[in-house]
Structure formats: structure tokens, C-alpha cells
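Next up, C-alpha cells for two forms of one chain, structure 1 and then structure 2.
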Structure 1
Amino acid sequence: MTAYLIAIGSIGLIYALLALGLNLQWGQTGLINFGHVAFFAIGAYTSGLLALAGWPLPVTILVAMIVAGLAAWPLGRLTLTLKSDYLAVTAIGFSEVVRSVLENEAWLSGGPSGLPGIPTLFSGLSGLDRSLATFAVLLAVTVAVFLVLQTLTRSPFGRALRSIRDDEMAATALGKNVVSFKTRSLTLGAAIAGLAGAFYAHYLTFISPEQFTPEVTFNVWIAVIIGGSGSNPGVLLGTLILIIFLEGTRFLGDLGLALDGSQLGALRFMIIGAALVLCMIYRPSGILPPASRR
């Protein structure tokens, strides 16, 4: 039971990092990044491959963040001068291309069979001790990212992002370089997703392209939207709700519902889809909206 809870907690923290990154992009800046999973994947593969090549993990994790952030930069330059909708579909395309490259370029990524044997954090420890230590590090990192983002939110940079989100033309009129701010927000959020990916790779020790489908992106989206777009504590609450939902529905099969495994999975995503729609209509600011809109 303890092992199970630590496992859920670790995955939950990885999702929390993803959600915090997306919240900077969507919640603070209003960027529709529908390709979040791409940066998660880039972070996971970067850190995993470098660690397999013998690099020390703190370095690989840092490099994973940088590479994921850099990958977002051209996407931002490309789409952020255009209609805001363009980013949405272009990012979906980007994430699907990343996945197909991971599937096809087996010399680099191991192809569909994935990347086994990725070094773990704390390879000196074993069993429960190791998972507990990894969980502690993840918790510390998540708290650190949370605090940095909270500070950023209150800084002039955060205010500029929100002014762009709320009224882009007014922000431009006030002399803000809107595209530059948006690109920085996208890049920073992607770097946080890359960080989440690196921990994911070292936690699972095995990654493959099928772990990085668009479904991951939309799990993160629902966490951000349910919790409260723009509010970092809200997003953490949203992640908690998501994890309880994902884990809880796992046991629905035990309730004697006449559903097979794939139907259960489908039902789960039907609920997530419906929840996205209902949230947008009835509660677009989520359960814990930001304290003030300014």
C-alpha cells in the first residue's frame, strides 16, 4: 500500500509540474498549447538518452529543460504573431510529429520498443527507500517550481503576461512587445514540461513513444481548467482531482460494471472531454480562480 501511494504520489507530482508549466502558458498568458506532451517527451528522451550515455543525472535533467524550452521557441516565433487559434492546431501537429520521429528514428530513440534501462536517481538505494527518496526530490522540485512561478506571477513579468492575456491590443498599445512575452512564456512552460519529462524517464526507467500521446496533453488541460486557470494553487488542486479521477476509475471495473478494460478507458476520456466542455460553459475560471483578476 505504501509503495502504491508513493507511486501515485510521484506520478501526481509529475502531472503537477506539467500542469504548472501549462498554467504559465494558458492560465497566465492565454496561449492554447495543445502540444504540451511534445515538451514532456523531449525532456524525457533528452534526459534518458544522455543518462544512458553516462552523463550525471543533475546535468541531464538540466539539459532536458533547456532542450525542451528551445524546442518551443521556434513554435512560438512561428505562430504567436498570428491568430491565437493557429498555435493550437500547430502545436497538436508538432506533438504528433515529435511522436512519429520517436517511433521511426530507432537509431536515436529505440523506436516503438522504447528506451529501457534508464538510470534512476539514487541508484545506491533499493526498493521502497529509493522510491521514497525519489518522491522526496520530486516534491522538493515541485515546491521549488511552484514558489518560482508564484514569484513570477506577482512580478512585473507576470503582470505583463496577464495584461496580454486580457487585452492584447491594449498591451501592445502600452508598448509591450507582445510576441516576445508570449514566446518567453511558452518557452518557460515548455522547459517545466521538460523537467517533468526528465523525472518521468528516471522514475519509470523505461520510456516509449506510446506514453506520449495527445491524451496526456488533455489530462493536463483538464487539471488546469478544473483547478482554476491562472492560479497555481488551483492548478495543484486540479491535478489532485485528476489523479483521484484517473486512479478511482481504475477500480470502477471492480464495481461489477459490465465494461471491459478498453471501454473503461474510453469512458474515462469521454468524461474528460465532457468535463472540458462543461467547465468552459459553466465555470471557465475553475474551482480555485486567481484571487484577483489583476
Structure 2
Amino acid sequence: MTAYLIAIGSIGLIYALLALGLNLQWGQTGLINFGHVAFFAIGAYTSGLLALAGWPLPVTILVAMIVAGLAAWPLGRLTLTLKSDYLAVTAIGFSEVVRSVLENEAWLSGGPSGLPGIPTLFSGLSGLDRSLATFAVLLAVTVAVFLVLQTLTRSPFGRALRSIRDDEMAATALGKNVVSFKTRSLTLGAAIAGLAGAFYAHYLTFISPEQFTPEVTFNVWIAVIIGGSGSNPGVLLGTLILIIFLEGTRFLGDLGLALDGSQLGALRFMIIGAALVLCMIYRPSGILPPASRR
């Protein structure tokens, strides 16, 4: 039971990193990024491939963040001069292109078979000790990212992002370089997703393209919306609620329901969808929105 809880906690922290990155892009800047999973995948594969080539893990994780961020930069420069809808559409297409490349370029990514044998953190430890050490590092990294984003939110940069989110024309009239601010927000959020991907690869020690579907992006969106867009503490709470829902509904089969596996899976998503609808009706700003929206 302890090992199970640590595993759920570790995956939950990885999702928390993803949600914090998306909250910077959407909650603070108003960027509709439906391709967040692409940067998660880029980070995972970058760190995994470099680690398999013998690079030290701290270096591979740092490079994964940089590569994920650099992948977002041209996307931002090409689309952020247009209406926000274009970024949403382009981001979905970009994430599918990334997944298609991972599936078809077997010489690089292993193709549909994925990458097995990725070095894990704390390989000198075994069993529960390694899981605990990995969880502790993930917790420390998540807290560090949270504190950095909280500081960023209160800085002039953060206030500029929110002014762009609330009224882009007014921000432009005040002399703000809107495209530059948006691009930096998109790049930084993508780098955080790349960080989450790197930890994901080293935690599971195996990755394949089927782990990076649009479902991951939409789960992260659910966490951000339920917790409260624009609120980093709210996003962490939303992630916790999402993980409880996702894991709790796995045990629906134990209730004696006469449903097969696919029907239980559909019921599980219906319950999660209904919870999201109820949240939007009764808490449209999220459970823990920013103080200015309470």
C-alpha cells in the first residue's frame, strides 16, 4: 500500500508540474494551448535518449527543459501575432505531428515499441527507498517551481502578462510588446512541461508514443479549471482532486457493476466530465481562484 501511495504521489507531482506550466500560459497570459502534451513528450524523449547515451541525469533533465522551451519559441512567433484561436488549433496539430514523428521515426524514438531501459534516478537504491528518494526530489522540484512562479506572478513581468490576458489592446497601447511577452510565457510553460516529461521518463524507465495522447493535455486543463485559472495554489489543489478522481474511479469495478472494461472506462470519464460540469456551474472561477476573482 505504501508503494502504491508513493507511486500515485509521484505521478501527481508530475501532473502538478504540467498544470503549473499550463497555468502560466492560460491562467496568467490567456494563451489557449491544447498541445501541452507535445512539450511533455519532447522533454521525456530528450532526457530519455540522452540518458541512454550515457549523459548524467541532471544534465539530461536540464537539456530536456531547454529543448522543450526552444520547440515552443517558433510556434509562438508564428501564431501569437494572430488571434488566440490560431494558437489553439496550431498547438493541437503540433502535438499530433510530434506524436507521429515519435511513432514513425523508429531509428530515433524506438517507434511504437518505445524506449525501454531508461536510467532511473537513484539507481544505487532499491525498491521502496528509491521510490521515496524520487518522490522527495519531485516534491522539492515542484515546490521550487511553485515558488518561482509565485514570485514571477507578483513581478512586473507577471503583471504585464495579466494585463495582456485581460485587455490586449490596452496593453499594446501602453507600449507593451505583446508578442514578446506571450512568446516568453509560452516558452517558459513549455520548459516546465519538458521538466515534467524528463522526470516522467526517468520515473517509469519506459516511454512510448501512446503515453502522450491529447488526453494528457485535457486532464491538465481539467486540473487548472477546477483549481482556478491564474491561481498557482488552486492549480495544485485541482491536480490533487484530479488524481483522486482518476485513481478513485479505477475501482468502480469493485462495486459489483455488471460492466466490462471499456464500459467502465467510459463510465469513469462520464463521472469526471459530470464533476467538471458541476464545478463550472457552482464554482465557475475554480475552487481556489486568484484573490482578485473571489
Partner chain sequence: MQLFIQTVWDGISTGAIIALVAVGLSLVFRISRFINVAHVDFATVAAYVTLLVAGSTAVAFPVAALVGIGAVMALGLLAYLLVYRRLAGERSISLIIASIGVAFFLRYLVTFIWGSNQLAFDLPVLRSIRVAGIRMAPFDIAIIATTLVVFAGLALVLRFGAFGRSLRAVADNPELARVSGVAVDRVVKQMWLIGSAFAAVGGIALAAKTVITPYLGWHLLVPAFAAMILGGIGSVGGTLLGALVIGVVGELAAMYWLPTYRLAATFGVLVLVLMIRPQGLLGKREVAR
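Reference numbering: structure 1, starting with residue 1. The term rigid core refers to the maximal set of C-alpha atoms that superpose within 1.5 Å between the two forms. It should be emphasised that the depicted structure is a prediction, and the values quoted were computed from it without experimental measurement.
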- Structure corresponding to the form predicted together with its partner chain: 1
- Query: Is there a C-alpha shift of 2 Å or more at L267 between the two structures once the rigid core is superposed?
  - Reply: yes
- Query: Superposing on the rigid core, is the CA of I11 displaced by 2 Å or more between the two structures?
  - Reply: no
- Task: Superpose on the rigid core and then read off how far the CA of I281 has moved between the two structures, in Å.
- Result: 6.0
